[in-house]
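One chain comes next, on its own, written out as structure tokens in the form predicted on its own.
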């Protein structure tokens, strides 16, 4: 590609010019334009709001907004909105919640709300001088950010501590200023980063003005000032508990003791095997991310932190553990899930606002407990399915709808397909065969009355399944 072909100035185009640029990449640009426009908000003001959430926006991308009708957490009932596209996740959350709602519900506690920000800098000086100066520097940094932190301090948060971290053993002359911050109900990214950038200016000024530093010690190179999404102290501990005998349930095709034994082995496998641990923890984030998306939180930051925490001991492992003692079954999830209820798009996105409202306008701590409980509910349901009837039975049942929609099945075809696959194994091939047989019989005008027609279809499918 020549320099003359390099695209420039795209961000300055109007929205419709951007749409036209995008559409020209397709064989049917007019159809693409119409499709993109069809997803606009009818209200121009709401559409403008969505356009300003990101950059170079040309349409809206929809995801399903579902609900978990009831989950009991710390003896309080919640209806929880979930935004996720993966089939069976909402069903799994509902199933897990239903199972434990009758066994004492979920118990959750936030251990801490501390978050971390870092100023990374290179300084060629006497470390002892800097350590000696830290109390004075810390006072200056906190005082000079009062204009940023005063509202947060009034709400009980703010800068809790600033420490010097010597990293010269990793990179020559590399140090950090590590700030511990409580952002209260806010996710706090902008707040933390604003404080850190002020720190950077004051740190450089401090080296220049203090007589204790001489020569090259007066020079400090700031590499970057940025929050960390690893917040191991922003910890939520959530568990479910009952007598082993009370695990008896119609959906479990084994004795409570056998179920508890198999469940324990499944959790231990996730603690020692990285392949299983990754999928095990993904089941937790199915629920946590769905709550985060529904409430306008940064699910990517939550995921990054959670997976880092799962590796904190030098090996990636399960975020859950199970205790089987004195006839009790206690299943625990302990992980950092930093969510907020103010700031970001939480107060701007129409459905994010509704989500916060239906949850009873929780503060950040309460929302963290809700997300963790839904995550544990999903994970419990997944393991329960795996050690009993298998994961595919429920998953493929939900996936059948996607298969039929892909095949453009009519309402009548869907009705017959759902009835047929109550008793037959679901797969994309089987679904395709079934719909093709229905349409073949219909096009040949050979469809007979009710029972005879169903018998013919079933026979055709059974023959194809054996091929």
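Since we're looking at a predicted model, the values are computed, not measured. Numbering follows the first chain given and starts at 1.
Form predicted in complex with (R)-mevalonate (MEV): not shown, discussed below.
Residue in contact with (R)-mevalonate (MEV) in the predicted complex (any heavy atom within 4.5 Å), chosen from 126, 243, 86, 249: 86. A single residue from the set 283, 105, 306, 81 has any heavy atom within 4.5 angstroms of (R)-mevalonate (MEV) in the predicted complex; that residue is 283.
Although the partner is absent from this view, residue 386 contacts (R)-mevalonate (MEV) in the predicted complex, with a non-hydrogen atom inside 4.5 angstroms. Proximity of residue 319 to (R)-mevalonate (MEV) in the predicted complex falls outside the 4.5 Å heavy atom cutoff. Taking the partner from elsewhere, residue 382 is found to have a heavy atom lying within 4.5 Å of (R)-mevalonate (MEV) in the predicted complex.
The closest non-hydrogen atom of residue 138 lies beyond 4.5 Å of (R)-mevalonate (MEV) in the predicted complex. Contact annotation: (R)-mevalonate (MEV) lies within 4.5 Å of heavy atoms from the stretch 272-280 in the predicted complex, the single such stretch among 347-355, 272-280, 159-167, 144-152.
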